[in-house]
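First, one chain by itself in C-alpha cells, the form predicted on its own.
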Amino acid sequence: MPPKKKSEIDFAKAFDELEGITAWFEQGEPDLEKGLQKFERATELAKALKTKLEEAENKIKEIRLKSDS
C-alpha cells in the first residue's frame, strides 16, 4: 500500500480530535503550556481539514464538469 499523502487524513477522527480540543479550552483549564500544545495541534488539524474539504470541492467541480459535457 502506498504511503498516504499529507492531505489523506481520517476526516472524522481529525474532526473529533479538534472538537475535543475545543471542549478542553471551553472547560477553562489554566495550564498555559498544555494550552499552547493543544492550540498548535488544533491549527494543524484545522489546516489538514481545510485542505481535505478543498480537495473534495475540487473533485465535485471536476465531476460536474464531466457530467455537463
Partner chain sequence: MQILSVSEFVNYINETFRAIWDPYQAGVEGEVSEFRVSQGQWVNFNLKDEASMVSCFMVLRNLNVPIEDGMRIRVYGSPRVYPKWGKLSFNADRVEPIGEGSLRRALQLLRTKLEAEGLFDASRKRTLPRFPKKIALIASKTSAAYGDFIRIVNERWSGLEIDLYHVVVQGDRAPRTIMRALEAAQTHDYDAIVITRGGGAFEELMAFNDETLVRAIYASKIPTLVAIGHERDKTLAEEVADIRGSTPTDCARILVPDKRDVLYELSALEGAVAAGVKALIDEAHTRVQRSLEGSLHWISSVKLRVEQRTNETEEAWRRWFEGLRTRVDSITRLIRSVDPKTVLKRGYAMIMDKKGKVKTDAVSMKAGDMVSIRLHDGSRDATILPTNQTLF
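Note that the coordinates shown come from a computational prediction; the quantities given were computed from them, not determined experimentally. Residue numbers count along the first chain shown, from 1. Just so we're on the same page, rigid core means the largest C-alpha set that superposes within 1.5 Å between forms.
Keep in mind that the form predicted in complex with the partner chain is missing from the display, and what follows is about it.
Student: Could you list the residues in 48-66 that come within 4.5 Å of the partner chain in the predicted complex, counting only heavy atoms and keeping sequence order?
Tutor: The stretch touches the partner through Leu49, Lys50, Lys52, Leu53, Glu54, Ala56, Glu57, Asn58, Lys59, Ile60, Lys61, Glu62, Ile63, Arg64, Leu65.
Student: My question is whether Glu57 is one of the residues whose C-alpha shifts by 2 Å or more between the shown form and the other one, given a fit on the rigid core.
Tutor: Comparing the forms between the shown form and the other one, which are aligned on their rigid core, Glu57 does shift its C-alpha by 2 Å or more.
Student: So the C-alpha spacing of Asn58 and Lys13 changes by 3 Å or more in the predicted complex; is that change toward closer or farther than shown?
Tutor: It is closer: the C-alpha separation of Asn58 and Lys13 falls by at least 3 Å in the predicted complex.
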